[in-house]
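In structure tokens, the next block holds one chain alone, the form predicted alone.
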């Protein structure tokens, strides 16, 4: 039976060989208690130079992206291209439950440390690979990025103004979606390995996860209504009306998804502005019936939102069961009273940066709590701890490996 303070993944070990496309997968597992060991090339990974930087100044351990994406992990340096590096990797793999990697398709196999080799030495091992287009198929060898995933996965096609170029989603959301899918899929594979004694190779495609998660650009609207989503500014084709509307002191975002939501909104507009036309049955029903009247409805809604502050219309919208959301700046989000009441932001003390506020738990299991157990590791911070204390490599061997550029 799991103790009240024991983390869900406290007895699992994960090796992570991942760039920005998969680092969040390792973070999700590490913050839930897994012993995630991040492997970097000697000298450190390029992701340590991803902006923004603390106080805008680049330098060691100053990438806010890296600091956030690598909480609760231990870190080692290892050159898997070197024969001795590959031998060490195989020894580590024997102790692991899961490996998460974002290397090109076939890269590990070409080095002689692919899934068949590792699985023969550790039958329950799960290998999760995150690539642009999956492990097989006509595009398997193509390069990708968060921008490419957004283009081939659909979001760029529907984001932005119709007359302007497509707009990329902020915050590498396609990477985050793939990492989240990789983490959940890995847990399923680990459960299967425990039951069957055999691990498996989990194949995560950036394009596929983007297509699957981004309902606003997927095939759902076509299958439901024969409508191809287009770029319509801040609005969505799948939700009409929707978009960002001006208030007295900012903007509020609205989504209307169900006939009852429209009826509630139309009645509110009528109450506040006296508008009779908004009550016309012509506008009732699913979103698809209102698409051709979008611009007219935007005018009606703007008359309502102009009467309120953002906070006032947000709370009144909640009371009426209408999906309004304040559009906040980063500073406003950091000071949001609801997030403060939920103790969302937490302090993490890093030896190089001092205490910083980090976004907190993405979910809160009651029995097995989420926790950031340590700050992001420095370059090779845990080399001695893992290679010497856990693998039994002598100090002289470690020095020799370091001199040869293996670690």
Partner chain sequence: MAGLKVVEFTQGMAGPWIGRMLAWCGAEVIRIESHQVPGVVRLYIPPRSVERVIEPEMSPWFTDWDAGKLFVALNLKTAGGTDLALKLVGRSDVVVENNRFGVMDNLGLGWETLHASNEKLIAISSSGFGDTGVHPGYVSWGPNIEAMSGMAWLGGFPEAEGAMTQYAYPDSLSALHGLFAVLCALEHREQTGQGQRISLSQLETTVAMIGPEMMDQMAHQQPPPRMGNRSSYRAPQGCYRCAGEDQHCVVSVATQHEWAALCQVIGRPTWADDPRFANSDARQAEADAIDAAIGEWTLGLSPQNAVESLQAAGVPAGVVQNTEDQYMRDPHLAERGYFETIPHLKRGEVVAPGIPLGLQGTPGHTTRAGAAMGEDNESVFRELLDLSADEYDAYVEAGAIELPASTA
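Basically, rigid core = biggest C-alpha set you can superpose within 1.5 Å across the two forms. Keep in mind that what you see is a predicted model, and the values were worked out from it rather than measured. Residue numbers count along the first chain shown, from 1.
There is also a form predicted in complex with its partner chain; it is not shown, and the following applies to it.
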property: Stretch in contact, per heavy atom within 4.5 angstroms of its partner chain in the predicted bound form, of 82 to 90, 301 to 309, 164 to 172, 267 to 275; result: 164 to 172
property: Touches its partner chain in the predicted bound form: residue 237 (any heavy atom, 4.5 Å); result: yes
property: Interface membership of residue 108, its partner chain in the predicted bound form, 4.5 Å heavy atom rule; result: no
property: 4.5 angstroms heavy atom contact with its partner chain in the predicted bound form for residue 122; result: no
property: Contact of residue 295 with its partner chain in the predicted bound form (heavy atom, 4.5 Å); result: no
property: Contact residue in the predicted bound form, chosen from 95, 192, 263, 248 - any heavy atom within 4.5 Å of its partner chain; result: 192
property: Interface residue in the predicted bound form among 102, 209, 77, 72, criterion: non-hydrogen atom within 4.5 angstroms of its partner chain; result: 209
property: Any residue of 87 to 118 that, in the predicted bound form, places a heavy atom within 4.5 Å of its partner chain; result: none
property: Residue 317 C-alpha shift between this form and the one not shown of 2 Å or more, rigid core reference; result: yes
property: Residue 255 C-alpha relocation of at least 2 Å between this form and the one not shown, rigid core basis; result: yes
